[in-house]
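First, one chain by itself: the form predicted on its own, in C-alpha cells.
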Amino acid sequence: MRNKVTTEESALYSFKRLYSSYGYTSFKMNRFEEYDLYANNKNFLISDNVITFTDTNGKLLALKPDVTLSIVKNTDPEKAPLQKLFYSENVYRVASKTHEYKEIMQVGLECIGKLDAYACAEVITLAAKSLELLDSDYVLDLSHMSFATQLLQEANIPHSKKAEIMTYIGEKNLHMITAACRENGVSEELTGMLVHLASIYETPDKAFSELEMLNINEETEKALMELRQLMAALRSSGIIEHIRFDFSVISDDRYYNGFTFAGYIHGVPRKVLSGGRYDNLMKKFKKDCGAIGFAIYFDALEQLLAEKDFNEVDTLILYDGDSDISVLCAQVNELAASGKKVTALRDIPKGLKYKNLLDLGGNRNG
C-alpha cells in the first residue's frame, strides 16, 4: 500500500525546490498566535472557527488557522525592499467534508515589499507551475478586483450592500445580482455591467474586448493595463494557455486589491490553490508596502495524493540477497553525491517513477 505521508512529503519537496529555485526563502513560525490576531481579521479567514486555549500567564492563544496573517504580523518590510518567502505549515481548521477540526498541511508563497509588474508576474507564474507539478491538466482562473470594486463604487450604495453583491458575483448568481441591484436603486446600465462582469469566463485574448466595455474610469483603465502587461509576461513563460479570465474570483476588498486568482486541477472538484494581492491587509497592519501570494490546500488534494504518485527518482537500483553490498553502497553514494535522487530497493513498488534502472540482482529484466 502506498504511504500517503511519503507522497505528501514528496509533493512538499517538489514545491520547496521550485520556490527555492526562484530565490524564495523558507519562513518558519510558531504553531499558535494570540487569539486577537484572528478575532480582528475574521473576514480574512476561510472560517471563523478557531481553536483557542489559555496560556499559563492567562493570555488567550489560538492554534493558527491561517499562515498569511502570521507572516504579515511578523515581517518587517523595512528590512529589505522585497521579501520573497515560502512556507509549509500545519494549520488547524474545520474540515470541509467531516466538519471536524483537523490539522491540515498548507504550502504557500508570499512576496512582500515594493511590488512591481515583474514581482506580480513571478508569483502568478509560480502559482501556475505549482499546479503543473500536481497535474499538467490545470487551469488558473485570474481576476482583477478593480472592475467589481469600481462598478460598485459607481453604484453609490452602502458597504454592506456592496458586500452582498460581491458575494453574488463570486457565486456567478446573475439573478441575485440583478435583484440586489434593483432593490438598491442601481441603474440598469450598471446592473448590466455587473452581470456581464460575473458572466465572463474566457481566454485572455477573447476577454479583453469584453473588458473594454467595462472600462469606466482611471482605475479600471489601470487594471486593464496591468492585465495586458501580465499576459505579455506570461506568454514568455509558456503558461498562458492555462489562464482563464474569471471575474467571479474576488475577495473582500477590505483586504484584497488588484490580481486575485484560483487554481484547479483535473479530478478535484474544488479549487486547490487560492491567491491574490493584499496591499489593503498590509495597510491594516500599518505597513506601507505591497504584498501578493498564494496558498495550496492539501485538504483539497487528499484524494489526488492518495491516487497520484509523487515518488519519482532519477535512478532506481534493484538488488537481491546475492548482491555485493559494498558495490551497492558505492553506487548509491556516488549518485547521491552528484545531486541525483536515488533509491535502492529489492522490488519495484507499484507506481514508482524512475528515469534510469540499475539492476544489481543479475537475474531480472528491467
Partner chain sequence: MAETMINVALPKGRLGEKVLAIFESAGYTCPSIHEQNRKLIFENEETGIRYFWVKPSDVAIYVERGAADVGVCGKDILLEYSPEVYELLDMGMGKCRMAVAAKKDFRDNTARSLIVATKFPNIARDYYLKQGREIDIVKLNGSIEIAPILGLSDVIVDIVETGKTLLENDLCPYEDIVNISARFIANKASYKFKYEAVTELVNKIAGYVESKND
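Positions refer to the first chain, counted from 1. Model, not experiment: these values are computed from the prediction.
The form predicted together with the partner chain exists for this protein as well; it is not shown, and the discussion that follows is about that form.
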Quiz item: Which of these stretches, 264-272, 151-159, 116-124, 232-240, has heavy atoms within 4.5 Å of the partner chain in the predicted bound form?
Solution: 264-272
Quiz item: Just one of 184, 75, 248, 280 has a heavy atom within 4.5 Å of the partner chain in the predicted bound form. Which one?
Solution: 248
Exercise. Could you work out which of 101, 208, 285, 201 is the residue within 4.5 angstroms of the partner chain in the predicted bound form, going by heavy atoms?
Key: 201
Practice problem: Using a 4.5 Å heavy atom cut-off, state whether residue 212 contacts the partner chain in the predicted bound form. | Solution: no
Self-check item: Distance check, residue 139 to the partner chain in the predicted bound form, heavy atom within 4.5 Å
Solution: yes
Quiz item: Does residue 191 make contact with the partner chain in the predicted bound form, using a 4.5 Å heavy atom cut-off?
Solution: no
Self-check item: Non-hydrogen atom contact residue 175 with the partner chain in the predicted bound form at 4.5 angstroms
Solution: yes
